[in-house]
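Have a look below at one chain only, the form predicted alone, in structure tokens format.
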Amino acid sequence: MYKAKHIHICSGVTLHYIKTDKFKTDKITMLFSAGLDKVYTSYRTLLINVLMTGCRKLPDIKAINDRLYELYGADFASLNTKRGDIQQTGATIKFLNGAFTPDKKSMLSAALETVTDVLFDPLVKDGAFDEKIVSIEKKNLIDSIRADINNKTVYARKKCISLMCENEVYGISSEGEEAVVETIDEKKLYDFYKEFVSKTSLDIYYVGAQSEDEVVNAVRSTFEKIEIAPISYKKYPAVYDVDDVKRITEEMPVTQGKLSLGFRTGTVRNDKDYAALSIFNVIYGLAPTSKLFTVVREKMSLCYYCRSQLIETKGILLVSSGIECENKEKAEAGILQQLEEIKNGNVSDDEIVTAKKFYVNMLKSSFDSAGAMVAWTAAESYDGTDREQDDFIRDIMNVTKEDVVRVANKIKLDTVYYLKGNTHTDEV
């Protein structure tokens, strides 16, 4: 496996160095982290989209693509995600390691320069971004926000989470809100940008075979003239108590109903019970051998699909299913009954062994990707922990049936969201 080294570069900037010779490419990811906010989340999302259209040295998409071509076809993309109570926006570049270029020349500095040019040296005129570009990206972002409803599976999942967490920061979408995006213009966005880049912490992730000294020196020389005085963001405790189960039904012209159940688990990623919760999730609804799949979907034939997932930073378990509308009550009862089965200890030794094998194999295969290495390191950073993957795998292998039953008994139903069909249509 691997272990990241965390190196202070300057005020507000931390380098996470991950040494590996698994890949022919290197990867640099830069992420700004700021607290989720009903207004400024929209600004940050629009901002990264505008920045990615060009900068002073690379004034348009063609110029950016020409630079990437010079880097032997490097991949360059924006990032916008939600991790717990923070929004992370930025950019990532994947480029050929110097050992595999014709002249054996390192492209680290050129790749690093590309990302920092785009993020820190934008195209600005008269104290504002380009009006036409901002207008185009506003429309694109609003179209993207509206498009969520076209994928009913994703829509139902997001709607359940937003309703479940309507009084929590986590309930804020990382994409932004259409009404806020509409109010932003090129001057407001640039004024926001100046404040944002000077007061938002920046994490730089490097994955590749370059030496630590080479990477540190390149990053330090890049940021020696960039000043960041970050404002700390706040993380809120996960909610564990449930007073009353929220039940919301929404009707749309769909043939396949979408039933989503949100649970409070009482366990977050950096808790000692997280390994046990992970194995519970495999047994309950993550794997093809899970109870939701083999019983509710296959044996009872109540769902087209039925699976569970953990939102580990907030202690949430979400079950998503697609159903015939007349099966709604039976499907909900079946989903809840399988949870009760685990709570009552109806878990075999074979299920425990199979779940461990499935989860460990899934972990190990995911660690074969540079993106997964960055995601693990970012999650560890958010949690304030610094575990190696092997340490967590050992925790997984030590999980007992009693552990699984114990964590299952902490789980409480919080929200039931049902997207009900009201007419016949081909849309699902």
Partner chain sequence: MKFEIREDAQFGEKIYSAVHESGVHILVCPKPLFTENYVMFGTKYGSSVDRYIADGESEVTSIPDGTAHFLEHKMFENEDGVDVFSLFGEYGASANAFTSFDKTVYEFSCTDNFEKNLETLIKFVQAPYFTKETVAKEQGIIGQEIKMYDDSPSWRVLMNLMSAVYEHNAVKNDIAGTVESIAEITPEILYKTYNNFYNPANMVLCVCGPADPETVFEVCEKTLKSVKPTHVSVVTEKEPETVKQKEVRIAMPISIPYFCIGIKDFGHTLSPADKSRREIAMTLLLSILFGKSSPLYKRLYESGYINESFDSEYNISDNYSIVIISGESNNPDEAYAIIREEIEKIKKNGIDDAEFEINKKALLGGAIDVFDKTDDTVYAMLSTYFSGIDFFDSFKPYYTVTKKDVLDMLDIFSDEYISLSVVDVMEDQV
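Positions refer to the first chain, counted from 1. Fair warning: this is a prediction, and the values are worked out from it, not measured in the lab. In this text, the rigid core denotes the largest set of C-alpha atoms whose superposition between the two forms falls within 1.5 Å.
The following text describes the form predicted together with the partner chain, which does not appear among the structures shown.
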Query raised in the report: In terms of non-hydrogen atoms within 4.5 angstroms, which of the given stretches 173 to 181, 218 to 226, 241 to 249, 299 to 307 touches the partner chain in the predicted complex?
Result: 299 to 307
**Report entry** Residue among M397, A372, I61, V39 with a heavy atom within 4.5 Å of the partner chain in the predicted complex
**Finding:** I61
Query raised in the report: Considering the partner chain in the predicted complex, which of T289, N270, Q337, S198 comes within 4.5 Å of it through any heavy atom?
Result: T289
Query raised in the report: Contact between T385 and the partner chain in the predicted complex at 4.5 Å, heavy atoms?
Result: no
Requested in this report: With heavy atoms only and a cut-off of 4.5 Å, decide whether K412 touches the partner chain in the predicted complex.
Outcome: no
Requested in this report: Examine E324 and determine whether its closest non-hydrogen atom to the partner chain in the predicted complex is within 4.5 angstroms.
Outcome: yes
Query raised in the report: F367: heavy atom within 4.5 Å of the partner chain in the predicted complex?
Result: yes
Query - Heavy atom distance at most 4.5 Å to the partner chain in the predicted complex, all of R44, G54 and K188 - result: no
Query raised in the report: Using a 4.5 Å cut-off on heavy atoms, which residues of 7 to 31 contact the partner chain in the predicted complex?
Result: D21, K22, F23, K24, T25
Query - Post core alignment: K132 C-alpha displaced by 2 Å or more between this form and the one not shown - result: no
Report task. Answer yes if the CA of A77 moves 2 Å or more between this form and the one not shown after aligning the rigid core, and no otherwise. Result -> no
Query raised in the report: Comparing between this form and the one not shown on the rigid core: C-alpha of I149 shifted by 2 Å or more?
Result: no
